[in-house]
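Quick heads-up: it's one chain on its own, the form predicted alone, in structure tokens.
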């Protein structure tokens, strides 16, 4: 029997619409301790809306969300203390330096300097961000802004990390470091909600994957489970192939490829 205490995030039949668009449609999933859960879907599938609902930035029209047993609409401040969030577009104070930003975060979160300072130094070194520590965030490249946002999200040791396209703009070394950070986070009992378009990354790091399309969950499980769902007899079938099939895009891709071949070979 499943231990409910292992479930850190529970999303149950949530729905959200914007005018005539049903962005999220009775969506349900759970994330447990020690798990990296990949949330995948085409553009406009409802991934970012789902994340905003979980964070309490939007209110669902139906359904329930529990984050560490808390309600995002009623316990927003407590949830923010327990969650680290990395957005697709860096939502950080660009008029500050990373040093000023981290000092500000440490102050409002009341973090202990004796433990926070050495961890922060290690994160900066690991992500090759030491040289940017006292530069204005507004002057940094997209990738370096993303590094600062990742550090800001993890410096308070949150129980849940919610990452929306966190690897955008990062070099290969930094991607490797972030993957290691996520693995260490889950080993100590944390959980990760990981939304990305990069199928190779999702296949590599996610324990389970939920694929949504038009706001609905169309498939969920491990890679083996997803292969079984699409009756994949080909052992070499990767997540990209499965994703395209489950979101009804494989036929259109084949048609596009055929037409490109005809055009480029003529």
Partner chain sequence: MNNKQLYKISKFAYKEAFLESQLEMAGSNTAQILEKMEKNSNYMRNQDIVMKVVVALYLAAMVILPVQVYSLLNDAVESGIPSQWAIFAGGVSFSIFFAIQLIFLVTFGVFLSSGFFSGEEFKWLTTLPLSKQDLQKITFFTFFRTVDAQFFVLALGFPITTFFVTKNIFITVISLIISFLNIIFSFGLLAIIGEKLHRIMKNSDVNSKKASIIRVSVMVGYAVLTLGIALSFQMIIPKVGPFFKNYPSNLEQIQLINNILPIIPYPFSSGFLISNLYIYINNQNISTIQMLSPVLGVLVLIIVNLRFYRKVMQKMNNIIFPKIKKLEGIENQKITEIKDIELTILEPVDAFFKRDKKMASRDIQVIMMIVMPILLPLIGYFSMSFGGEDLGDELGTVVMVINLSYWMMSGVLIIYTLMNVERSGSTITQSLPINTRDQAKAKIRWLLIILPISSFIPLILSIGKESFLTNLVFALITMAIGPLTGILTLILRVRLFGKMRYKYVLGEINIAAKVWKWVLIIVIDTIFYVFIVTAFTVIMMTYDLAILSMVFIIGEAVILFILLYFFNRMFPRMNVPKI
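Residue numbers count along the first chain shown, from 1. Predicted model only: the values in this text are computed from it and were never measured.
Note that the form predicted together with the partner chain isn't included here; everything after this is about it.
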Per-stretch contact check against the partner chain in the model of the complex, the hit in 51 to 59, 207 to 215, 221 to 229, 37 to 45 (non-hydrogen atom, 4.5 angstroms): 51 to 59
Selected contact from 154, 160, 170, 106, since only one has a non-hydrogen atom within 4.5 angstroms of the partner chain in the model of the complex: 106
Partner proximity in the model of the complex: residue 127 to the partner chain, non-hydrogen atom cutoff 4.5 Å: no
Residue 120 within 4.5 Å of the partner chain in the model of the complex, heavy atoms: yes
The partner chain contact at residue 184 in the model of the complex, heavy atom, 4.5 Å: no
Residue 188, heavy atom within 4.5 angstroms of the partner chain in the model of the complex: no
73, 111 and 135 all contacting the partner chain in the model of the complex, non-hydrogen atom within 4.5 Å: yes
